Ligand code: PMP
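Shown here is one chain on its own, the form predicted alone, set out as structure tokens.
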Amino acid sequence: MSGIVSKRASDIEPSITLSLNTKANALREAGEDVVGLAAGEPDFETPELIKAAGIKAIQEGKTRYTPAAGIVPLRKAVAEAYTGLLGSPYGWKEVVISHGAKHSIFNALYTMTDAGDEVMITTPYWVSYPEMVKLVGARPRIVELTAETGYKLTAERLKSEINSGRPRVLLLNSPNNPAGIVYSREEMEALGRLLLEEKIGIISDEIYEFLTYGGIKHYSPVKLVPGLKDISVVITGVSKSYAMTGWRIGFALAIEELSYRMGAYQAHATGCPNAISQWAALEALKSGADRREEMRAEFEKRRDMFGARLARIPAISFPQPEGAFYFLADVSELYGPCGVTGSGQFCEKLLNEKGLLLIPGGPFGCDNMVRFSFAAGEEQLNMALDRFERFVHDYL
């Protein structure tokens, strides 16, 4: 029926990553040998003690609706843990539990912006950021960063962008998906002080906070500039660090006025988070640190192995990931020899010719690049690199 789809919905771009995954699955079902490094989730099983907590919750009948903003024991545990991690006092009413960090970001965008407000997003960004901004009626303002600055926003660049048009909110992700960059203490503090001075809100996506390597530490802007607490939302959760992606539990931490509004919106939009998953997440916070560190250490070994091999392949370059579990490689020198004009065509050609599934950089705001995930076993990582090397050598 003509006109049945709203303009707002029409403006949302479909995910090219999903279409490539669909094609890869179709090839597998047809008997083709396909290796995929597309997954944005740990390949580890959820730790047994966390699974046991979920089972126990079912057995104890904890399967009914919970408060919209989450169960109080989990909100208290998050507040206590992050009061220590962020260095600012958070009460349990300043915590909202949601259906994953993505949901938490959406809630934050909805409650911090009005129609037409600008949300500043830096490249490379996570694919859903611009679309979520558009969904809440705000406008994404993309700030393109380059290898020259290590794909990081500097205070000088931020000041210039503010002077050319004042954004309502900065949406920042460190450790970063897809590039694996991590802002240093000095870099993050400089940004935080400028944001506080200019009274520009920040949504700080810190979902990969515990996955850093080589002695690099993650610094939250709120920890470095405590005054930011009044104009910020810190986003995190259990998906990445505790191998709990399918449990769908994320956290948002903000002042009580903002948390209350996020909880009120969530009550009408989705109701409460999954009750069973909340009790499992509580166990993760209480007892999962050792297993979390074991997984982080294994990711670091994979990063080192993968990076050493990737560095030997000609015609590509990449920033060394200091966090998360991705390599973002510039493959644009191969476009001409391959007969392609962008990352989507490149990944499709790679899948068709070598049975290797990677994620194109275009949806991340960097069409000259592709993303490799090293959240896979060593055997699979080596198989993928073998195929990528053969593909490159076919055209050079």
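Remember, predicted model here, so these are calculated numbers, not experimental data. Heads up: residue numbers just count along the shown sequence, starting at 1.
There is another form of the same protein, the form predicted in complex with the named molecule; it is not shown, and what comes next is about it.
Proximity to the named molecule in the model of the complex, taken as heavy atoms within 4.5 Å, picks out 235-243 from the listed stretches 279-287, 235-243, 133-141, 255-263. Within this chain, K102 lines the site of the named molecule in the model of the complex, having a heavy atom no more than 4.5 Å away. Contact annotation: N177 falls within 4.5 Å of the named molecule in the model of the complex, judged by heavy atom distances. Mapping the unseen interface onto this chain, I207 counts among the residues with a heavy atom inside 4.5 Å of the named molecule in the model of the complex. Under a 4.5 angstroms non-hydrogen atom cutoff, the named molecule in the model of the complex has N173 among its neighbouring residues.
For the marked spot (W126, Y129 and R248), a heavy atom within 4.5 Å of the named molecule in the model of the complex is present in each of the three residues.
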